[in-house]
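Form predicted on its own, single chain, as structure tokens, below.
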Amino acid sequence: MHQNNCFDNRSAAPQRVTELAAEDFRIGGRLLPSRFFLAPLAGYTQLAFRVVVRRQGGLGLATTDLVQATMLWSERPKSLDLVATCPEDRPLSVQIFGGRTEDLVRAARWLQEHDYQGIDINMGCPMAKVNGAGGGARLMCDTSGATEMVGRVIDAVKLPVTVKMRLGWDDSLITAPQLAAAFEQIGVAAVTVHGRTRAQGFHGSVDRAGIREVVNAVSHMPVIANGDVRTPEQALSMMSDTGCAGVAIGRGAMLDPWIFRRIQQRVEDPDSDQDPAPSQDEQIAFLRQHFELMHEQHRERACLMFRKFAAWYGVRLGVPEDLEDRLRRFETVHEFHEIVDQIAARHGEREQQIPTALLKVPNGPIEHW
């Protein structure tokens, strides 16, 4: 019988969870600042966002937006943008995807040659264009093939290799526990499990019992849980319910960029009623810093790239709805700062408490995504 990473087969007491969360944590020899990670979100978790979230405190590890292996080793400009980093952006893993082992191996070697610190292989993306090319969650349908592919990548480099996956393709094909056990045997440094199937996309509820089955399938390899964590309480209860070694947060960090700092506060002082919520000045500064970092890298393209963040930031950063709409349409640096000046002057007047982004999740059959 395999033993759980962190606990026995019963749910852990809250005190034990906070004690564990405060302990040192390593993946592939890397000592990480915390057990709470920024999960990759396609189109969002690029350099500027990663850095500005790190500045808020409490973040243990960030992973890049997923990048196609062939585009990376052939050094296409868009892919180089996706893996752009800086000294402040540490510790970092780069997430690659693809349906051909040779491409993943070449991408992994490229990352090692260019001094990156970790490689994450995507087996969880539900998007049709990724699955159609044999990558993402499609890889989970062939457990022996996936294991061989990952093993080839591990053999090709000295960097720690991790895997991001879902519970399975659909309810009839739950392969994450089997894959996790196989990955541990070939030397995968850790796996991250999003608690939904590919068929679910981002709909329905995360299956914490399913994540726990993955945890119980391995002996020592860390399992990182992912999905529907938007508060410190949910992060810690995820650890308690699943026995996972850490928690990766994606959409929750978009909705609340201070969530890692808030979790850290709860871990360091679990009896405190204090919640280090951001002040108005911090919220306005976050908006400006994020855009300025994006502008440093992308120049005028930053105006277009930043627009999609407006729907996530509206409620948490105190953006009145009409100004959120303007953030979705601004065209110049001057116009951005003019809008933010107005946000600062009108902060707190917004009545809508549901972030616009949560009203606009993809609809229709997942095959159309």
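This structure is a prediction, so every number in the text was calculated from the model and none was measured. The term rigid core refers to the maximal set of C-alpha atoms that superpose within 1.5 Å between the two forms. A residue's number is simply how far along the shown sequence it sits, counting from 1.
Here the subject shifts to the form predicted together with a small molecule, a form of this protein not shown in this document.
None of Leu32, Ala42, Met305, Val333 but one reaches within 4.5 angstroms of the small molecule in the predicted complex through a heavy atom, and that residue is Ala42. Contact with the small molecule in the predicted complex, defined as a heavy atom within 4.5 Å, holds for exactly one of Arg138, Arg251, His290, Arg106, namely Arg251. Checking 42-50, 336-344, 297-305, 320-328 against the small molecule in the predicted complex, the stretch whose residues place heavy atoms within 4.5 Å of it is 42-50. Of the heavy atoms in Arg100, none are within 4.5 Å of the small molecule in the predicted complex. Taking the partner from the other structure, the small molecule in the predicted complex has a heavy atom within 4.5 Å of a heavy atom of Phe202. Within this chain, Leu61 is remote from the site of the small molecule in the predicted complex, having no heavy atom within 4.5 Å. Although the partner is absent here, Asp228 sits close enough that one of its heavy atoms falls within 4.5 Å of the small molecule in the predicted complex. Once the cores line up, the CA of Arg26 ends up less than 2 angstroms apart between the shown form and the other one.
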